[in-house]
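To begin, one chain is listed below as structure tokens, in the form predicted on its own.
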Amino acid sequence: MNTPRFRLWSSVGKKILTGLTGIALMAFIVMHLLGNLTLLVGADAFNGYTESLHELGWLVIVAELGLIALFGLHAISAVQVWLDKGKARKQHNSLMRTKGAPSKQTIASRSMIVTGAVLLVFVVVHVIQFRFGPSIEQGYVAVVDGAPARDLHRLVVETFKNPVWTGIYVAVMLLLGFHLRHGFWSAFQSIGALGPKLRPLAYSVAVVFAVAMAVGFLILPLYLFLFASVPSGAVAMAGH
């Protein structure tokens, strides 16, 4: 049974897999935010950015399949780690009812499985909403470098002119920050990258990273809701 596959799905292997996929997803989140910040520049900048991705062709499909695999592996391994911890906790409680140190768990660590599940559902909705939302065929047309392209900027503005959608995105981004607060240092801890001397620094970096990501993503829907103009010819979604 001492095969690579067996070792990978051992208790330690599942933690390492969760940590590695978590780090990869955090890297994606940073890149995704940097690209989305072009929304603050204007329609031409954002549509130019999204069209440059579209022009990558099959590479985009490969990247999307890779992201699906990352999300899937991260979710499955995280759930397995959570189940293993639940079993270990029951055994620990039965053995340590009269002695032992208090638990060092926090609200963030105990709720990771819940916040992760909410974020996973949100990602699915987000992809359906923007990746597979209305395109050129439905009249969402922009001009990029003299050629017709999908006007994703219009769709994003219309979406965030709806106070309900803006409220949902704000709430989820706050949840993302809460999730990353624990997930950042926990991911590096899981792969064995943090010794006792580095842990205090990792805790601090985790706070900075979580706040930066949450604020960065929060700015976008709030800015568009408050200041962006609905493009001419577009129909605001506030009443939909």
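Throughout, we count residues from 1 along the sequence that is shown. All figures in this text were calculated on a predicted structure; none of them were measured in a lab.
Beyond what is shown, the protein has a form predicted together with a small molecule; the following relates to that form.
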Checking Ile136, Ala117, Val127, Ile168 against the small molecule in the predicted complex, the residue with a non-hydrogen atom inside 4.5 angstroms turns out to be Ala117
Contact with the small molecule in the predicted complex, heavy atom within 4.5 Å, among Lys161, Arg154, His74, Arg150 goes to His74
Assert contact_stretch over 24 to 32, 198 to 206, 60 to 68, 45 to 53 against the small molecule in the predicted complex, heavy atom within 4.5 Å, equals 24 to 32
* Would Ala78 count as a contact of the small molecule in the predicted complex, using a 4.5 angstroms cut-off between non-hydrogen atoms? -> yes
ask   = Any of the heavy atoms of Ile113 lying within 4.5 Å of the small molecule in the predicted complex?
value = yes
task = Look up in the predicted complex whether Val172 has a non-hydrogen atom within 4.5 angstroms of the small molecule, and give yes or no.
result = no
**OP:** Give a yes/no on whether Phe184 approaches the small molecule to within 4.5 Å in the predicted complex, heavy atoms considered.
**Re:** yes
